[in-house]
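Consider the single chain below, provided in structure tokens and representing the form predicted on its own.
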């Protein structure tokens, strides 16, 4: 695998944790297959991560994510409280629209999904919490890039149709700080069959109102 950080062993360890997050419990052979690492390397890294509590073994001896990650996750959430503050606002938005709702923040050249609430419909668009997505495709990415468009100026929202995934539409709006800086993006997404090719007309106002409510909540707790 190619090195991302320049620290090869760290990249391999993170790659292994990602494989366990995606696929669940894995025996050594399956872990080797999922990571593409040599058997000895995969075993050595898994055992080392186990020593740090980042990997554990289930009742069948398979490797899976360790409980120390729960503590790290809680610590990360506490140091960045926007997710918990946003959740009641996003639940109300999900319930009023009946569609999947996400909260994204910018992370370098990507966007990370901090909160993801699924639509009650069987046919729905799912973005896992913690997922990293590109900034240059999708309405939320364009919001976080603060790209200026006529729709954005006029309506306080940005829409996209099949920009990143076929059959998917979305509409997003910015959560702004007191200085006007974009802190996050609130997004409603789902199949074109329901959101249509004009998702902004359908849900733009609701998304913009939710983003404004969250901005006021953050300002009140600052």
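What you see is a predicted model, and the numbers here were worked out from it, not measured in a lab. Just so we're on the same page, rigid core means the largest C-alpha set that superposes within 1.5 Å between forms. Residue numbers count along the first chain shown, from 1.
There is another form of the same protein, the form predicted in complex with the DNA; it is not shown, and what comes next is about it.
K.L.:
The DNA isn't shown here, but in the predicted bound form which of 64, 161, 69, 28 has a heavy atom within 4.5 Å of it?
P.N.:
That would be 28.
K.L.:
Is residue 12 close enough to the DNA in the predicted bound form to count, meaning some heavy atom within 4.5 Å?
P.N.:
Output for residue 12 is yes: heavy atoms within 4.5 Å of the DNA.
K.L.:
Is residue 57 close enough to the DNA in the predicted bound form to count, meaning some heavy atom within 4.5 Å?
P.N.:
Residue 57: yes, in contact with the DNA in the predicted bound form.
K.L.:
Answer for residue 180 alone: is it within 4.5 Å of the DNA in the predicted bound form, judged on heavy atom distances?
P.N.:
Output for residue 180 is no: heavy atoms all beyond 4.5 Å of the DNA.
K.L.:
In the predicted bound form, is there a heavy atom of the DNA that lies within 4.5 Å of any heavy atom of residue 166, even though the partner is absent here?
P.N.:
No, no contact at 4.5 Å.
K.L.:
Kindly indicate whether 7, 40 and 43 are, all three, within 4.5 angstroms of the DNA in the predicted bound form, using heavy atoms.
P.N.:
Each of the three qualifies.
K.L.:
For residue 177, is the CA shift between this form and the one not shown at least 2 Å following rigid-core superposition?
P.N.:
Moves: no, less than 2 Å.
K.L.:
State yes or no: after fitting on the rigid core, is the Cα displacement of residue 62 between this form and the one not shown at least 2 Å?
P.N.:
Shift of 2 Å or more: yes.
K.L.:
Please state whether residue 39 has a C-alpha shift of 2 Å or more between this form and the one not shown, with the rigid core used for the fit.
P.N.:
Comparing forms between this form and the one not shown, the residue 39 CA shifts at least 2 Å.
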